[in-house]
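Have a look below at one chain only, the form predicted on its own, in structure tokens format.
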């Protein structure tokens, strides 16, 4: 007599490197980057920790894979890493591309910390910056000016800005606030600015003081400055 399969029984999905990376992203999205350990990742996948090492060498390899996964998401967001042709308005093209990358970063607010921790550039990052450079070149920039432009953009090209002296914990943030309060009489300009300026929409913030308004302001200043230099260069 044939035994019918239970339609409710779960089919075990084979463990792959891609599944490990996807699970790492999901875990970091839910619990934060600090929660991403090999043991926690194994629990997320429902396997023994040793099973992970058949697919990834260590946590650093996991983070490399996470970066590639985030870059793949950016690639989908911008429709691939090719340079659009023709580039009639390089500023608009580059602005749209960078803000698309930022949308991905905002979906994964822990991701900038991964990018800042890597010492090697993966293939997808190289292809992404090739598209940024290509857009500048097709827009009429010399290699020299485009090179300056890449340095000026820095991490902003990937959709986030690096913060100086960013507190890692609420306790550190509180300690900084208390220190500031103790010497605020010596800081009339900073006190005046902080009294007048506030950042709205904390859900759209990466880092400590990187909200959407400030990100777009700095991006537009950079792009407008590069455009003026491009015009001066071509008319010289």
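Residue numbers count along the first chain shown, from 1. Bear in mind the structure is a predicted one, so any value in this text is a computation, not a measurement.
Omitted here: the form predicted together with the DNA. The next part is about that form.
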property: Interface residue in the predicted bound form among 51, 174, 186, 195, criterion: non-hydrogen atom within 4.5 angstroms of the DNA; result: 51
property: 4.5 Å heavy atom contact, residue 223 and the DNA in the predicted bound form; result: no
property: Distance check, residue 30 to the DNA in the predicted bound form, heavy atom within 4.5 Å; result: no
property: Heavy atom of residue 66 within 4.5 Å of the DNA in the predicted bound form; result: no
property: In the predicted bound form, residue 218 touching the DNA (heavy atom, 4.5 Å); result: no
property: Options 22-30, 187-195, 35-43, 66-74; stretch whose heavy atom lies within 4.5 Å of the DNA in the predicted bound form; result: 35-43
property: Heavy atom contacts to the DNA in the predicted bound form at 4.5 Å, residues of 52-67 in sequence order; result: 53, 54, 55, 58, 59
